[in-house]
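Next comes just one chain, in structure tokens: the form predicted alone.
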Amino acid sequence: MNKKTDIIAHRGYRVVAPENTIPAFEAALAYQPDMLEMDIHRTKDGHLVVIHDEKVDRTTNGTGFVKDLTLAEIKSLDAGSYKQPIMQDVKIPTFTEFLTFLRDINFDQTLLLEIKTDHVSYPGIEQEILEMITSFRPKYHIIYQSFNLETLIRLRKLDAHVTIAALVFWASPKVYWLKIRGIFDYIHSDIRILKKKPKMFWWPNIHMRIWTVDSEEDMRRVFQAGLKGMITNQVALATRIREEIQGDRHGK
């Protein structure tokens, strides 16, 4: 098998460190995944921060929507003690801190950046993200993804050359039509829906990556089918199974 399936570390390596924090990204990179996946929201006072949920309740000792909290309030929260093993002095990183981390370690894989506009509106966030990325002049590749198709359309209008993926549970005719029109380059679909589809949908597909693939059984099906990539929380397991099925540790 010549084509390797990309392994994408979901919010870093969140099984062993608090998700979307610098320790989680460091832990993931120890296994050299093909991509790091992360999420962006915006604070009340206009700062971009790396966190998955619209609210801070699940992943910190605080409460409330990110959009209603200032950066100072966000930075006062403990993002490490909610999870075993407990990690001390872990904070929600700003997008600037995250990009600085990637620059400092000479990151050379791919960044999968999710813009979290599917439940909360952040007017102008697409341009802010692009401008921040430009200011760092990264040498690594970036794929922008979102469940919000309007966000993807705005991204394409802002920059015709960026790489974009539509996050979906399963692609609708509208999604395929937008892909044909060139609004985005890839479709990232839910493994739970794919498992219900006939075998023909498991054929190698140059535009489809799957989320979130954590069981060994599902991983084996994805690797055996040669799909383009999979987003996973189980980075070490995925690395081992890909080596067994596709012949090496890294999908280069």
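From 1 onward, residues are counted along the sequence shown. The structure displayed is predicted, hence computed values, not measured ones.
In what follows, reference is made to the form predicted in complex with a small molecule, a form of this protein that is not presented.
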For this session: Counting only non-hydrogen atoms, choose the one of 63 to 71, 35 to 43, 217 to 225, 22 to 30 that falls within 4.5 Å of the small molecule in the model of the complex.
Result: 35 to 43
Exercise. Would you say all of His52, Gln145 and Leu167 touch the small molecule in the model of the complex, counting a heavy atom within 4.5 Å as a touch?
Worked result: yes
For this session: Evaluate Trp211 for contact with the small molecule in the model of the complex, applying a 4.5 angstroms cut-off between non-hydrogen atoms, and reply yes or no.
Result: yes
Exercise. Going by a heavy atom distance of 4.5 Å, is Arg242 a contact of the small molecule in the model of the complex?
Worked result: no
Exercise. If you check in the model of the complex, is Glu114 within 4.5 Å of the small molecule, heavy atoms only?
Worked result: yes
Exercise. Val235 near the small molecule in the model of the complex, any heavy atom under 4.5 Å?
Worked result: no
